[in-house]
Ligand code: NAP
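Single chain ahead, written as structure tokens, the form predicted on its own.
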């Protein structure tokens, strides 16, 4: 892989797994995390802890960030760019709004740096294995320089266009994720109500044309009633809210975001996204009125 020194900010579950993968493949990785204890595992594997964001930028050619939300990434970039570095490539793998990605790109450009928004599709296991899908937006020449690193992180990276394109693609992908999760939960519970064992219904789904990575990957969570977070439900709610802000108005969207919002309010935010199964099981008999599903729209448009 590219032997340019890499900087990495954000060592949550995904960041930790990606850095470990980079180290196994010969990467030189400098790390910074505000909670220093989170650096311990990757430092033991060969990463180099940095005392500040400024030190990390100084010692790295390509700087990756992967943090929780728009506010967090803006705060990180304020620190990264505080000493006006130049000639660096910054890559944000967080899931944030396209407008935030364009803002970060402009901020980097103003100090003679380049920026790529590059959120990923996949969770912890693909991050560990280097099989993520990377959705990149930004200058083509910067993408080509970073691609050798992307080739280690993921099984495929796609350059989608200008800054913000990667973020837009990620929001679209996570909308489909939400539909898959809710659809799987509703299907299994509908079958259960009609006398079909959960194990049998999941076999029917996963052995046939309806199978996909989500149905197969989340079946064990349903069967074991174990919703330990690989991707916390609260993060998908955040992503659906961003899609809402970007103008997603398709017929299934409002019921979907309402369902996940209510699951969050019911205390499921720290559990895995598949915990929507628990919410649907508890609330499947409740039929919201169409005016609650589409509070800002003309109800007659959907009632006919």
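Here the structure is a predicted model, which is why all the values come from computation and not from measurement. Numbering follows the first chain given and starts at 1.
What follows is about the form predicted together with this ligand, which we do not show.
Trainee: Just to confirm the contact call: exactly one of 31-39, 54-62, 274-282, 258-266 touches this ligand in the predicted bound form at a 4.5 Å heavy atom cutoff, so which is it?
Mentor: Partner-contacting stretch among the options: 31-39.
Trainee: Given that the partner is absent here, does residue 150 sit within 4.5 Å of this ligand in the predicted bound form, heavy atoms only?
Mentor: Contact check for residue 150: no, nothing within 4.5 Å of this ligand in the predicted bound form.
Trainee: In the predicted bound form, is there a heavy atom of this ligand that lies within 4.5 Å of any heavy atom of residue 231, even though the partner is absent here?
Mentor: Yes.
Trainee: Please tell me whether any heavy atom belonging to residue 120 falls inside 4.5 Å of a heavy atom of this ligand, as the geometry stands in the predicted bound form.
Mentor: Answer yes; at least one heavy atom of residue 120 falls within 4.5 Å of this ligand in the predicted bound form.
Trainee: May I ask you to check whether residue 95 falls inside a 4.5 Å heavy atom distance of this ligand in the predicted bound form?
Mentor: Contact check for residue 95: yes, within 4.5 Å of this ligand in the predicted bound form.
Trainee: Can you pick the one in 210, 214, 223, 72 that has a heavy atom within 4.5 Å of this ligand in the predicted bound form?
Mentor: Going through each option in turn, the one that passes is 72.
Trainee: Among 76, 201, 105, 169, which has at least one heavy atom within 4.5 Å of this ligand in the predicted bound form?
Mentor: Partner contact (heavy atom, 4.5 Å) among the options: 76.
Trainee: Scan 209-224 and note down the residues that get a heavy atom within 4.5 Å of this ligand in the predicted bound form; none is a fine answer too.
Mentor: The stretch does not touch the partner at all.
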